[in-house]
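Listed next as structure tokens is one chain, alone, in the form predicted on its own.
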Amino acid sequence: MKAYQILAGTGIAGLKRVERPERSPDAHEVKVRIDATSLNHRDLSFAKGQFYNPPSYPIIPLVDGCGEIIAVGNAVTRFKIGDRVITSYYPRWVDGALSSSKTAISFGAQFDGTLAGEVVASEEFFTAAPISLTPTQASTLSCAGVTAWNALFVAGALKPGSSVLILGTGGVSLWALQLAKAAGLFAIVTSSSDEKLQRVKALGADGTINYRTTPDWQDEVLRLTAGAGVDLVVEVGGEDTLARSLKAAGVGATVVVIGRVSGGGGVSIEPGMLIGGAKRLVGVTAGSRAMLEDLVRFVDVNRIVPTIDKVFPFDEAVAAYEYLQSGAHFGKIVIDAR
């Protein structure tokens, strides 16, 4: 079986094409032929040795994946041969509140992931793919899609008519924008690129801010919301943006922290910004399988098509990693595994 493997901490240069032996599924397992898999910043973090609890040996990377079931164990009940499925980010987090045991393992981090021709794993580790999307498009839901869903509608508990500030134009941010507009939210997006801001306007953004030319962008957010501030901030920046995000948030608002693109060092926050405005600061890590199933239904009903920047052939997986690291992408980067 064709595959790539990498040892955590060896960088992109440690990503190597290999041949792995095939195996048949056990009683409760399914074998999935991977058609497409997409990259996330967590995959760069794993390569750099910055991901939690990595194994001490090389594993197949990546968590996102969409494919067709080609074999099932004799006790499988959730799927049949021919079904199209996507991976669940935290296989043990089926529903309910998050816990350390539910988030202890993930594809491409603690065990083999999806950058391969096939994956064999428990039937509980997968969700039915959206029927309205191609495998390339569906491969983007498991991480970026469900993280955006959790941020907006679970941790953020937004309702139609609410307002949201979305930082950047990466995979999670564009998923958040497309979900927000389908749900009837007022969305403001920031970027350092006017060209990218034009593209988010085409996706429905109600307001855009270039944070290079408008360094005090929190003031522009207040202007765009008539001084009220937004109901939710999708915070991906980290130490360079968090304080401004809190200032851009309105009374009773939530700042959902899902990334640290600008770094994870010390952040100085005035407690009064939280107390005086009764604001909430919440961390989000992907989502449960139940959230992913809700997202799949929402995507199918609203015919949402994820924004994909570029699709790389399987043989060019290293180039796909390098492109993600460059930060030049607008939306998701996908690897065609067929």
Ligand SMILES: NC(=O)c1ccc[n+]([C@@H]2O[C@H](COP(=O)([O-])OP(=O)(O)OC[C@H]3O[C@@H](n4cnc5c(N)ncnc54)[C@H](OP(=O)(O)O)[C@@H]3O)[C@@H](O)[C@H]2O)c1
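Throughout, we count residues from 1 along the sequence that is shown. Quantities reported herein were computed from a predicted structural model and do not represent experimental measurements.
The same protein also exists as the form predicted in complex with the named molecule; that form is not shown, yet it is the one meant from here on.
- Checked against the named molecule in the model of the complex, the candidates L177, V236, V221, V85 yield a single residue with a heavy atom inside 4.5 Å, and that residue is V236.
- Only one of S106, T254, S163, S191 comes within 4.5 Å of the named molecule in the model of the complex through a heavy atom, and that residue is S191.
- Considering the named molecule in the model of the complex, the lone stretch of 308 to 316, 29 to 37, 285 to 293, 53 to 61 in range is 285 to 293 [heavy atom distance within 4.5 Å].
- Although the named molecule is omitted here, in the model of the complex all of T169, K196 and Y211 have a heavy atom within 4.5 Å of it.
- Interface membership of G259, defined by any non-hydrogen atom within 4.5 Å of the named molecule in the model of the complex, is confirmed.
- At the 4.5 Å threshold, heavy atoms of L15 stay clear of the named molecule in the model of the complex, well away from it.
- With a 4.5 Å cutoff on heavy atoms, Q137 does not count as touching the named molecule in the model of the complex; it lies far away.
- Taking the partner from the other structure, the named molecule in the model of the complex has a heavy atom within 4.5 Å of a heavy atom of T147.
- The partner is not shown here, but in the model of the complex the stretch 41 to 64 reaches within 4.5 angstroms of the named molecule through a heavy atom at H41, R42.
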